[in-house]
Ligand code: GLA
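Below, in structure tokens: the form predicted on its own, a single chain.
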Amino acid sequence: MKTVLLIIIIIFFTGILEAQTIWLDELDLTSMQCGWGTPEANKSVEGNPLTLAGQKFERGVGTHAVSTLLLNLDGKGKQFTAFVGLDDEVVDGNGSVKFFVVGDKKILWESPVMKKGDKPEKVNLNLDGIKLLGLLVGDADDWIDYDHADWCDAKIEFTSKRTPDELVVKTAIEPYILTPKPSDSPKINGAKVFGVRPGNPFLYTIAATGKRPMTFSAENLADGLSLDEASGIITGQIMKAGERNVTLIAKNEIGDAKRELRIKVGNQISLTPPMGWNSWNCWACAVDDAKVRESADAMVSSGLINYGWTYINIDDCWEIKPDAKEPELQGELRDKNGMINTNKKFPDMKALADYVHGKGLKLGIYSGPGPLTCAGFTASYQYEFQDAQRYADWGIDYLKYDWCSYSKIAKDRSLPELKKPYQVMRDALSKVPRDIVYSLCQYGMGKVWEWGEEVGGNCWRTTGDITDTWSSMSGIGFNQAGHEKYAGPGHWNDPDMLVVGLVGWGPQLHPSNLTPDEQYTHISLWSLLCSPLLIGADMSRLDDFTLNLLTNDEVIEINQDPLGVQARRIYDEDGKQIWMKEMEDGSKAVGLFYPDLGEKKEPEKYFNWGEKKSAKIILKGNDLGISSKFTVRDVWRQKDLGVFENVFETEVPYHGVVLIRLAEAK
């Protein structure tokens, strides 16, 4: 009897010793998807104490919708408890979220829609038998603005010993490269049409791949222009309006390549969508002169310049910051003539512009119509004409103009008030002798796509800020349907920057959270949409996979097609979509996508449960206006797939794309 009792006692205490409680804040959060910012242990997403309806919590995780985390319980979980809600740091009247706990593809618990000030909801779940547990914060179907969500006092009790390291499911898919290596023979890429205003400085770099050294020349080059035969950089001025067809020539030891460039001298610039780099999605306010120069160097050394990538754009944080504590951000906001000053991180903007121009690239800058920028630096309110002149004096080629603090100036959100500040800066830019691409950044308010061209914009943001999550990228990209009639040469819809490569909003960076399939979808869709293509990654550390995404000349050709027709959606059923873009040569660029956006109504679909999914998509020539046989070319693989009669079908990976180009068979 004593022996039996001893065995029972041993088993009891062994169970106690093996049982374990693991707190959510102890886990590796790098695999947690976050719709904005990065998840924070024991802090809100903005780094403040975790606070729900006035109640502070010492432990937990602050995140932002749409947010997901998948955990491998292996059937050993006992109980999950937490308090959830919208953090008090949210601006009053903003944000709404729903929390879900999903186990083995079934919803175990969900909260009501939660807003700031709502009493925390308690989660207390039995986990018996659950192998995979998913934690989801949804956006409550009203977009993700201010959706700062907290899992407070969140912990999992286990029936046996587990470690935090073995809990988090890392479902990364190995990158795969589709773009073939370029030939050693010369090939001219980039825009086939270029706009410039009479008398303004001209800068165009012939983009060409092939073995170096390479020399460049041009036939029928306009008076006032000169070409550097070693670099392919064309500079000068054209004084007379009109159109000229120039034959560009690139030559190396293997052979030569020729291509026509149409130069249009008139009132329109940005005749194809801008292509380049922007500092915000990698460096944010950690940007400085050295990082910009480094990015320009990398644009050349990586070979991206040989595909038409042109702009090096400085985003926020180059100006003086009022009341700054950091010495490098302090100083006089403007000189005695009202001309804006740079902070100490940018000691000589003119010298920086000269450096960038010397590489055949162009320099962009950032401001806003209010008193302050989004990050609290000096902006352009009541100094628009001085700022436009300052940009021209420095040699700036691109201006991103961000609404932000103008919300305190505008009387309301009526159309006249939305248009006014952008018209003021347009008038100022029109008075300086320099072509400056004008990018309106006001997040799609007032259906800006309907009037952006009217106020002189060359492109305009149609949406809020993008992040490197599937919910953000797909939610933005696949919601561009219907905007196509407002885009064309000189005026483009802008669904925000590219989130591939190393991103992070500075100074700490991480590889994009988009899977390889999702990144192919991202680049394919943005190219079909005639979107500005602005890389948001650390240019000095582009890996082979990211370069493969950014150096496919046939994909870029779809984006840069001179006809300038934005793709339209022609099919949207059963989670599958088809988008089609008319090309100047009469062919059609078509994206076959499997985004399965119904996941918003099925929370379990936000998680990768370890299954490989794909869908068969059927494309009919009749739907494209093609009544005869047609040829199909796989654009990413740059491979002809054959001749088809009315029907083409293919398997498309989950969240992936097959990008093709069709033409009537001869």
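Small disclaimer: the values here were computed from a predicted structure and weren't measured. Start at 1 with the first residue shown and count on from there.
Omitted from view is the form predicted in complex with the ligand, to which the following refers.
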| property | result |
| --- | --- |
| Non-hydrogen atom contact residue 196 with the ligand in the predicted bound form at 4.5 angstroms | no |
| Exercise: residue 468 in contact with the ligand in the predicted bound form, heavy atom 4.5 Å | no |
| 4.5 Å heavy atom contact, residue 579 and the ligand in the predicted bound form | no |
| Non-hydrogen atom contact residue 375 with the ligand in the predicted bound form at 4.5 angstroms | yes |
| Position in contact with the ligand when the complex is considered in the predicted bound form, options 557, 153, 402, 435, heavy atoms within 4.5 Å | 402 |
| Position in contact with the ligand when the complex is considered in the predicted bound form, options 385, 109, 443, 571, heavy atoms within 4.5 Å | 443 |
| The ligand in the predicted bound form: contacting segment from 232 to 240, 584 to 592, 133 to 141, 459 to 467, heavy atom within 4.5 Å | 459 to 467 |
| Heavy atom within 4.5 Å of the ligand in the predicted bound form - qualifying residues of 292 to 321 | 315, 316 |
